[in-house]
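Provided below as structure tokens are two forms of one protein chain, presented individually as structure 1 and structure 2.
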Structure 1
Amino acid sequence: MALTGVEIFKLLPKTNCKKCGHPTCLAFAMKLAQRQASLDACPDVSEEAKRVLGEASAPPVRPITFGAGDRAVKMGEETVLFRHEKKFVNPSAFAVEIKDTMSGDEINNIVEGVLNSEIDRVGQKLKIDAIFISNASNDAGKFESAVKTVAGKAPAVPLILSTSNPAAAEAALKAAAGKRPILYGADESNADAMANLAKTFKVTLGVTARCLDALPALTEKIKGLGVDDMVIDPGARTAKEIIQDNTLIRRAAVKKNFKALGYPVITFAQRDDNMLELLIAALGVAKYSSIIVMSSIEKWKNLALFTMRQNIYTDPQVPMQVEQKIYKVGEPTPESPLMITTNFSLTYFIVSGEVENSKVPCRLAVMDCEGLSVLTGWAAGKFTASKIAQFLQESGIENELKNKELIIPGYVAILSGAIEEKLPGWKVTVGPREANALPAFLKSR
């Protein structure tokens, strides 16, 4: 069980030096107990306290990174069961399967799909994160060849190497040297050999058991063999099993601090039916899967999953925002329209997208409203006439305009008169209420 704040306090220096950023050692201890602070923040803690508290203050789900460079994938580090309690930390990673029995053309097509999977949504670059290479042939040579082919065509993409054959695993790890892949396939029959390979090549080990009940003993055994970084597979394959097992694993890790299950979970969503595969993958995103393996990555499927993942793994306490400034859409001239909106990311990207569709060059003033939408910002007193006027005056935009006219969102038409009072010499025009009406509105001017 995790230590209480009082138990942690007894192990701290009790000097109330404030070096940790908290007013007292007791306050710091309480934050440690809630996993809202790091023990590293205390410069005077003893080695004995570090030993005892290090484990207690660590996230209940072990943080793990696989892959190398800019595309390395972070997993784990989760601290809550429900997103609204705090937030989910590291988004689920999507991987597509390549079997070593596939033809060269089939492998090339999947790799190209991964490399071209990136989608820009509300300012974030979303993509397929990894390639899962399975030793379907059970032949070490074919497996090694497939790994070399994929690694050569997509050198930056993280890999998951799947085999239960230690000889094939060793050959594949040598072919993927320097890429920090995950080696998946350790089970009760090969745990010693696979753990030795994971230690030798310094990679994360994927551990699978015949059922959830058998998993803790297996992870404890492998940890005893010297492997700390693991991803776990309880054997769940149906929707019901995935919900059940993933929930039990997260609950055991977060609520009971049960270290034997405190690892990222890998889920296999492969189905012959694309829609069913999408639904299983979406279930994994919603229910605690750190890696989701699929058999195909059509763009329509990717967009649905990327959008869902982005929504679930956005901090609910911090709205997504863009920078406050005057954005140019197209090549605006002094006669081009000036529009204004808030800095909520979704609002900005929808509005700017519709303006681009209109083919009418514009200036779009994006005002900092702490990430709130137009109506919410107005209701909260952050998108007001006085603040809009101050923003425009400080921006100096009037020096770039021939006609001092401002187009405001239709939902806040009530502000038009007040803005004109705050900005003498300006004309305020009320635009459409909905962004999809902007192209027709701009073309008609």
Structure 2
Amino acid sequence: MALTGVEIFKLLPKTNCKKCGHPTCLAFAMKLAQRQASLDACPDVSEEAKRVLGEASAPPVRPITFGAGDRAVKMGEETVLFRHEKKFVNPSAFAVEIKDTMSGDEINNIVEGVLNSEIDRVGQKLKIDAIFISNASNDAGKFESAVKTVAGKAPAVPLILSTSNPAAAEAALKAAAGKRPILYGADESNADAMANLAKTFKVTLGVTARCLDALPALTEKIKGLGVDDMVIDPGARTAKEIIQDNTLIRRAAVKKNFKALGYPVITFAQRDDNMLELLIAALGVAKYSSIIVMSSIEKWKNLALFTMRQNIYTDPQVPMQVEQKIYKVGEPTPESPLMITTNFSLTYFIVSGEVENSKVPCRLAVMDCEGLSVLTGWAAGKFTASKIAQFLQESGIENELKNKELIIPGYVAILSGAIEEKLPGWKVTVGPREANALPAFLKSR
């Protein structure tokens, strides 16, 4: 269990020497508790304190990386059960399954899909993270050749190699040398051989049990064999089992510091019904899966899942912001209206959505107010007449307009006179207070 700031404080030198860059040891302890500082910053800390704090600060879910280079995937390090408590740390990785029984064309199509899956959304580049290759044929040679094919076509994409046959596993690991794949498929029957392979090839081992209750004994055994990095599969397949097992695993790790389940979880979402598969994958995103394996990666499904992951894994304490600029909605002409609002992402989404609904082409000036909404931004002195005037002047937008008219949100009607004073030659019009009145407002002009 993580220590509180006060518990950490008791272990510090209490000299308030400021060498760590914080005014007092207590302030430093509070930062440590929030994981916003590192103990290394304290030059005088005792060995005993290092040991205690080191153990306590080890994240309850072990940090594990697989794959290599830019596309390497980080997992684990989670510290909470609910996203409002603290940001979820490492977003779920999406993997698509390739079976070694598939034809070359089928394999090619899926690999192409992975390589072309990248989408830009709100400034983030999102993509399918990994390929899960399964030994459906039970044949070592076929498995090895599928791994070679995939590794050849998509050398940078992280791999998960799935087989319960150690001979097939060894052949596949050789074919994927240097790629730091996950070897998935260690169970009660093959634990020794699989652990040996994981150690030899220095890869993370995917461990699967019949049921959640049997899993801790298995991970302990494998850890005893010298394998530290594991991802775990409690055998949950239905949505009900996934919620149950993933919740119990995260609770055991975070609240009980139960190390035998303190590993990233892999979830299998494959369904014949693609919309249902989308929902199972979304469940994995919301409920603690580090890797989610899917049967297909259509673009529409990827977009929905990437967005879901982005939503769930944003920092609840930092308002989502959009870039300050003048956005075009539709194809505005010099006569089209110009409106202004703040850069809180929700404000932007709601306002731009309503403007789009109005079907009236517009320019929407979105001003950086550190992610505050209109009223809050105004109250905090960030959405003021002089700052609005400065933003518009620097944007050079007046050269694109026939009439220098600015529509401001109804909530800041009070600013209209002041803006006109700061922007000589401009006319300020007060728009509606709520975005949902925008379509009627715009159409009636």
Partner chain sequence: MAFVAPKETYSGKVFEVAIGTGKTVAFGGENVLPFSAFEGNVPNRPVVAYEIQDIPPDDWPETVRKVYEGVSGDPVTWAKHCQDRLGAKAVALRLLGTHPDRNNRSPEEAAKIVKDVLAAINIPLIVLGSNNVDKDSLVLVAVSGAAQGRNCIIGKAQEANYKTIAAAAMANNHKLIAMSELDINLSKQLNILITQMGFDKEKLITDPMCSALGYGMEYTYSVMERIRLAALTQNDTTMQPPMLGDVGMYVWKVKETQALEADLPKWGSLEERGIAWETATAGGLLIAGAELLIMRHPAAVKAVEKFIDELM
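Numbering for residues begins at 1 and runs along the sequence of structure 1. Whichever C-alpha set is largest while still superposing within 1.5 Å between the two forms counts as the rigid core. All values derive from a computational prediction rather than experimental measurement.
In this pair, the copy labelled structure 1 belongs to the form predicted alone. In the core-superposed comparison between the two structures, the C-alpha atom of Asp139 has shifted by less than 2 angstroms. Core-superposed comparison between the two structures: the Cα of Ser395 travels 2 Å or more. Once both forms are overlaid on the rigid core, the distance between the two CA positions of Gly185 between the two structures is under 2 angstroms. After superposing on the rigid core, the C-alpha of Leu415 is displaced by 3.2 Å between the two structures.
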